[in-house]
Structures are given as C-alpha cells and as structure tokens.
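Consider the single chain below, provided in structure tokens and representing the form predicted alone.
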C-alpha cells in the first residue's frame, strides 16, 4: 500500500507517452531557456573557455599602417602584443629625437588625435559626454586630471606605463603653453598611449550584458532627423508581418476549406499550389518590386507569397481530417450540401484551423527579414543589415531577440486563448487552465442579483 501511494510521486522522468507532474514540467520549461543563456554567459565571462580576441579599451594609430583601430575594436590575441610593441617603438623614437617627420599643421593635427585617444575611456568613466569628443578644452581637462591624480580611471584602469605617458605629455603641453598664451597645440610630437584591452569573444558574439545595455540604449535613443526610431521601426515590422499574413489567410482559408471539402476544387487548385510552394519566395522579390514599386507593398506581397501556398495545403489537410461520421449523421438528419459546409464542416474544423493559423503566423515571421530587404530597406531589418555591416553586433542581437520574443509571446497568447475560445474540445477539457482562462471564468461566473432594489454580487454556486 505504501508503494502504491507513492507511485504518482515517482513517475519516471522518461515515461513514454505520459505527462510529467506540473512541477517537473515547469522546471524543464525554465531550463530550456536558462541552459542556452548559461552557455552564452559561460563562453562570454570565463576567460579560459574561449576568448580568442582582445577588445581594445585604449587604442593608438601606427605610422605607415593603413588599418586604424579605435577603442571597442577587436584584435586577435596573437596580434595584440605586436601592435602594442610597435607603438612603444614609436614612442622610444620620439623620446630619442627620431620621431615622426610631420611638421606644422600636420604635426599639430596628429597631436590632437593622440590626445583624443583618451576620449572613449573618459566617456566610459562619465568624465565627458559623447558630444565633447572634439572639445579640446574638455580633453585637456581629462589629461590634466589624469596627470595630477585628480581623475582615476577604473574599469578599465590605466596601466602605470600609460599613466607615465600621460604625465610626460602633460608636462610637454604645459612647457609649450608657458611660451604660447593662446594654448596652441605644439608641433613637437607627443607620446602615444600604449594599446590596452581585455580578453573577449569575437565581435560577432557580444556579452549578454552588452546586448541588454545596448538594446535599452538603442530603444530609447533619439533618432537622427528624418529617420524612424527603433519603436517606430518595430511597429512598421509588425504591420508588414500581420498585413501579409492577414491577406494570405483571407484568401487561403476559403480555398483550403473548399479543396478539403470538394474534390473538384482540390484537383483544380492543389496541383499548382503544391508545385508553386517549392519555388523560393525571395526569387520573386524583383518582380514584386516591379509590380508594387519599392515601399511597403512588395514587402507585404512577399510575406503573402511565402505563407499563402503553405496555408492552403495545411487548411485543406485539416479539413479532410474531420470525422466523416459527423457528415453521415448530418445527412441522415436531412442536412443539405450547403448545410454540411456551414453547420458541420466549418464548426468541426475551427479549433484545428485556429491551431493551423497560429503555427502559420510563426511561418510568416520567418519571411520578415527577407521582405524588408527588398525595395527600400525598412523596419527592424534595416537595423540588422546596417549595424551588422559595421560589425556592431551589440545592436544586432537585441533586434533579433526582439523579433523572437514577439513571435514567442504572440504564439503563447494565442495558445492560452484557445481553451477560452473552444472550451468543448478534448484538448481544452484536459488542459490545465492558464491564468487568463481562470480570470475570465471567474469574471463570467459572477452574477448580479437584485434584492430589495439593490444590486448585489455573489457567486451562483
């Protein structure tokens, strides 16, 4: 008896065709998201796992080299020492009086670039704003603060070597300004900061915290004049997806139902649709632009083309799976042909049709990126394409995640509405009610009674 009473508590984790208890199901659902995130964090934050790059926190230009690095760029670990040592050799040449051959305006401009190399670090520390990168007075103040110890950089921390360079350059500037009351930039070359960096993943795999911070920043950023903000792009992408899917459903559902009901329409429509669905929808992008011009219409049309043909075949198959005995019973009761379609087939397939459309909406989302690239680039895809071209993947990942979250939560919302819309189906009867359904049933179960001309609310039970 004791063993029997515990049988429900010891259901195998791998029982065949048996549902797990609710606590285990919840645990596994959470783990399905936590495990990939944990792997991402492991790769990003544990240095000995996989960090083949150095992300520069301090950068410097090299003489005679066309490649220009700035703070935030990635370089290979094998190249970083060579890069830093090359800058050291240039500094040694300057200290030995064998420095650059630049003179006049060119030398002064090069010194300005050397001083501004500290700007990214100053921005990260909050000493200056991004608008002050070209403000020489603000840059001079940062150098003075670092040289005197008034400002101390933390995360990233300047190396003793670079602090010594800051102090030596500041002394050079002060000596020059003692003879030049207008504080002109000296033409004698200054020492360059030695490149610094930290271990990092390649640029295409940014850290999770960088993705979150950049995504929040981009979402709230003021767009350039005449350009849409990220929320506006998001709304535009929603418009493209749902417009294309709505048109596909509007045309495809009736054709699918007719094809699944009448062999006449099946043989008339399905052979060509079955043939056409193997054609890649993007192949028609040029034709769609030629027909609908270059704005939203060809994008909506591409989502339509990518969804419509699959939708017709899925709906036709769902219609054929209706229990034929229901049709026979209706005919026995005297139902005519139109009555069978209107009163038996349509009500009978509606719960399954709802599921089909929910799944096919996810199919429509897969065409969004391709659709928004044709004609004039727009929506969220323009951000992905532009930022990816400039290798700003901290801005690419949030957009990709936003698209995934939108599709996922839309699907979950529709799935939770199904028991509410079709409570008579076996799946709804056996399914545990979600919070949305429980709230709805609680509201609808409350009834208002009038007693002594005063309304009172009570539970009819």
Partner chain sequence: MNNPIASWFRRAGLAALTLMVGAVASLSAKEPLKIAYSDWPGWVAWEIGIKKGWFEEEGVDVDFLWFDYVASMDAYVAGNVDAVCMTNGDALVTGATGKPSVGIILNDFSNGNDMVVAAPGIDSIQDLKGKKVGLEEGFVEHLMFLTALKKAGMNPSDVTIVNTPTNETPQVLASGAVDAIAAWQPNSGQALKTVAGSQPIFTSADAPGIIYDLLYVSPESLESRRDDWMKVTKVWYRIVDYLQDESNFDEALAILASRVSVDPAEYEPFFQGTYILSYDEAMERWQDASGLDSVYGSSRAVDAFNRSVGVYSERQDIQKYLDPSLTEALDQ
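Fair warning: this is a prediction, and the values are worked out from it, not measured in the lab. Positions refer to the first chain, counted from 1.
Absent from the display: the form predicted in complex with the partner chain. The rest refers to it.
In the predicted bound form, at least one heavy atom of residue 386 sits within 4.5 Å of the partner chain.
Not displayed here, the partner chain is approached by residue 70 to within 4.5 Å at the level of heavy atoms in the predicted bound form. The closest non-hydrogen atom of residue 376 lies within 4.5 Å of the partner chain in the predicted bound form. Although the partner is absent here, residue 79 sits close enough that one of its heavy atoms falls within 4.5 Å of the partner chain in the predicted bound form. Stretch-level contact check against the partner chain in the predicted bound form with heavy atoms at 4.5 Å: of 225-233, 306-314, 273-281, 251-259, the positive one is 225-233. For the candidate set 158, 289, 300, 122, a heavy atom within 4.5 Å of the partner chain in the predicted bound form is found for exactly one residue, namely 289.
The contact with the partner chain in the predicted bound form, taken as any heavy atom within 4.5 Å, belongs to 382 out of 169, 296, 90, 382.
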